[in-house]
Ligand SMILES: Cc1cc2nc3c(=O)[nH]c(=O)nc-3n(C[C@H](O)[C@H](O)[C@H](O)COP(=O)(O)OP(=O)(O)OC[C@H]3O[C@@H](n4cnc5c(N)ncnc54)[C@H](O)[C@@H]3O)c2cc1C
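Given next, in structure tokens, is a single chain: the form predicted alone.
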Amino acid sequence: MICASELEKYSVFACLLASQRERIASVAAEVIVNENEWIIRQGESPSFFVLLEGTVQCEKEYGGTATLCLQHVPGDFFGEAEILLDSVAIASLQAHSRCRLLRLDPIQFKDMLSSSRRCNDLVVEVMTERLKFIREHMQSNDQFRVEVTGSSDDPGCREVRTFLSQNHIGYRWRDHGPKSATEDGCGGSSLIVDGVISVGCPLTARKAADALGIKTRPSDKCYDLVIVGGGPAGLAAAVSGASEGLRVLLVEKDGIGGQAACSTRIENYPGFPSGISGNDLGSRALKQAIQFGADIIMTRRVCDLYPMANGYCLELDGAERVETQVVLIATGVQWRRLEAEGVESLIGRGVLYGASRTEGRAALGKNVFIVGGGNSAGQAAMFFSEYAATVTLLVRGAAIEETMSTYLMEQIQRRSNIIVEPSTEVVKAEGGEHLESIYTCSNGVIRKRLADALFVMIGAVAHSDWLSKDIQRDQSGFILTGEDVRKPFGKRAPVGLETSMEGVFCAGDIRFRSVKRVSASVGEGSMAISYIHQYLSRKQVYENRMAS
């Protein structure tokens, strides 16, 4: 319990009247935090804290790694800058010993400042010095852990840069121009981590992950739940499952966020009135899952899945195996290939599937074409319009109203350098070392257009051919679940998100009849954990009955 009399010894409260201290003591929360527990993490919503007992360490994250900034002692306060600047937490705070803290929410904190000029001046003075320290600290700590050198046309460089961007790892890019032949055949591409670790050709996301210390191998051999796929559904399941006590392994073959990572701004996701990028959403969910104890490995592919006596075995690329009681398939979908002459030979050299933030500066002052009429294509158009001279949205349908959210259409209509061309298809692409032009067909009329970049964001293809034939799919490869399963196994029908293979569940875009929206995938991933708990409970009851 916090008493008004004890607050007088702390400078931030000493300048208040006794009645004001009484009020703060009555409304403030007393927070007890054990050693090594987190008080607040960088990026979370702030509160105002005053340290009453113990010591607290402040950590600031740069380029995917955390560095110790300073240590707080009793009497210190923190959280004022974020509240007054209306931002999220700019650093993480961890208890170095058992701590006792006083906490005020933003409204209570601002009320305290408005009640005392002296208190307000003290807080502003400390905040100014603290921001100066952080600025100097950032200047002396290079936020770019990674330096990538190569050609923007090199597939390895593009793979590594996309991986770094998806995982919020800052990097410095040195473009040495068009890819040219060298003795190693790689065009001189390289990657340097922390100024020490050098990675040579050919560049791959796996090499980059290993050099950065990102996990690429599972910690254990056996789990309660293995999740295949690190998109919105997989991440939501990892957060829910780990927080509810399951031993969870998540396997992602590329970068965190899945196809949603291509969304530069999602404005209709609940809780983010100003919108949030797919990258940011995935990054936050990843941190949550890790905090709850989920084991997450990246740049690994699941090659096979087969039943065992007490569950399933999954074989990863590299012949590594893990065992689990339950499997959740959340691999999402990939963009449909564009069937047009010359496109395949120019992939990575001006023609790209999807769009990440790394492509923004490369589009500066250029003519960009985007194929697609969905939300992802619309969000990409808005993003590139900040850089490109013109952005042309090529839509096969007669109108985008049927496939794109209203808020996004209205934004596109207000952007002067975005052109929407309905009933238009790409029929040919031309270029030598790089894309130079495309041919489009609209109402039977074919036009040749100068093009610097062509981003393809059409349809959804389910790549589920790695799965056993026992897992039923529709003719397009989407996985059947629940009542859609044609021949239920055993004596019971599969539950909501369960596939035709008992104990194997499916969530997100790869599921038949799923709603192709980020929020829907997150909901399915969380809901899957409820079904999985039910399955494990039934399984335990059955095993106990058989043992007796």
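Nothing here was measured: the structure is a model prediction, and the numbers come from that model. One rule holds for the numbers: they count along the sequence shown, beginning at 1.
This protein has a second form, the form predicted in complex with the named molecule, left out of what is shown; the following refers to that one.
- Met457 is the sole member of Leu101, Met457, Ile400, Val239 with a non-hydrogen atom within 4.5 Å of the named molecule in the predicted bound form.
- Though the named molecule is absent from this view, in the predicted bound form it lies within 4.5 Å of a heavy atom of just one residue from Val395, Val228, Ala363, Leu212, which is Val228.
- Remark: Arg337 does not count among the residues lining the named molecule in the predicted bound form, judged by a heavy atom distance of 4.5 Å or less.
- Under a 4.5 angstroms non-hydrogen atom cutoff, the named molecule in the predicted bound form has Glu267 among its neighbouring residues.
- The shortest heavy atom separation between Ser521 and the named molecule in the predicted bound form is within 4.5 Å.
- Taking non-hydrogen atoms only, Gly282 never approaches the named molecule to within 4.5 angstroms in the predicted bound form.
- Between 149-157, 248-256, 436-444, 115-123, the stretch whose residues reach within 4.5 angstroms of the named molecule in the predicted bound form through a non-hydrogen atom is 248-256.
- With contact defined as any non-hydrogen atom lying within 4.5 angstroms of the named molecule in the predicted bound form, the contacting residues in 279-318 are Arg300, Arg301, Val302, given in sequence order.
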